[in-house]
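Only one chain comes next, encoded as structure tokens, the form predicted on its own.
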């Protein structure tokens, strides 16, 4: 399959979460207009995305939920799953661990890193914390492929460089600092201030 656009991958993730809730409610099929309503998009967009991954439904019953979950999971996940590290064990890093652990069977947080010795060699929600100086060794021995950066702005660049050097394949950056990484590393950046200001702008227009 050809590389899927980033925005489509984002929507596929949301589709899976939505239909998992439908499945938990004992439902077995869902129509494109129902799925679109849950995500506040158009049914046309839903159908285009699912056609892109080769998934079709029927006019009478819509999409079979189990098959849709399996299809999306086959695209997004890997058979063995991926292991994740959180760098920065402040309030944000701890929140990531508490929220994400156990939510996805194919994404497991297995390590955290910090510079505060009060946190080193302690477990947070079952995740061990190591000193940042041990990052390269732990990334390799634990076969970690994804790093979540939750450190102050002034530390973000150095942390990203350490992750790249250790062989990480993907970085989710939650620091306000915009990063530069090699093409071999996928970078996703989330700027909370920009997102909040976007909401503020559109809210004043309502």
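Since this is a predicted model, take the numbers as computed values, not measurements. Numbering follows the first chain given and starts at 1.
Just so it is clear, the following notes concern the form predicted in complex with a further copy of the same chain, a form of the same protein that is not shown.
| task | Please state whether every one of the three residues 82, 92 and 96 places a non-hydrogen atom within 4.5 angstroms of a further copy of the same chain in the predicted complex. | result | Affirmative, all three are within 4.5 Å.
| field | Contact of residue 169 with a further copy of the same chain in the predicted complex (heavy atom, 4.5 Å) | value | Close contact exists here: in the predicted complex, residue 169 approaches a further copy of the same chain to within 4.5 Å, heavy atoms only.
| message | So, residue 60 and a further copy of the same chain: in the predicted complex, are they within 4.5 Å at any heavy atom pair? | response | No, residue 60 is distant from the partner.
| field | Interface membership of residue 43, a further copy of the same chain in the predicted complex, 4.5 Å heavy atom rule | value | Result no; residue 43 lies far from a further copy of the same chain in the predicted complex.
| query | If you check in the predicted complex, is residue 23 within 4.5 Å of a further copy of the same chain, heavy atoms only? | reply | It does not: once a further copy of the same chain is placed as it appears in the predicted complex, residue 23 has no heavy atom within 4.5 Å of it.
| request: Find the only residue in 110, 132, 100, 129 having a heavy atom within 4.5 Å of a further copy of the same chain in the predicted complex. | output: By the 4.5 Å criterion, the partner-contacting residue is 100.
| in the predicted complex, which residues of 167-206 put a heavy atom within 4.5 Å of a further copy of the same chain? | Heavy-atom contacts within 4.5 Å come from 169, 170, 171, 172, 174, 176, 178, 179, 180, 183, 184, 185, 186, 188, 190, 191, 192, 193, 194, 195, 196, 197, 198, 199, 200, 201, 202, 203, 204, 205, 206.
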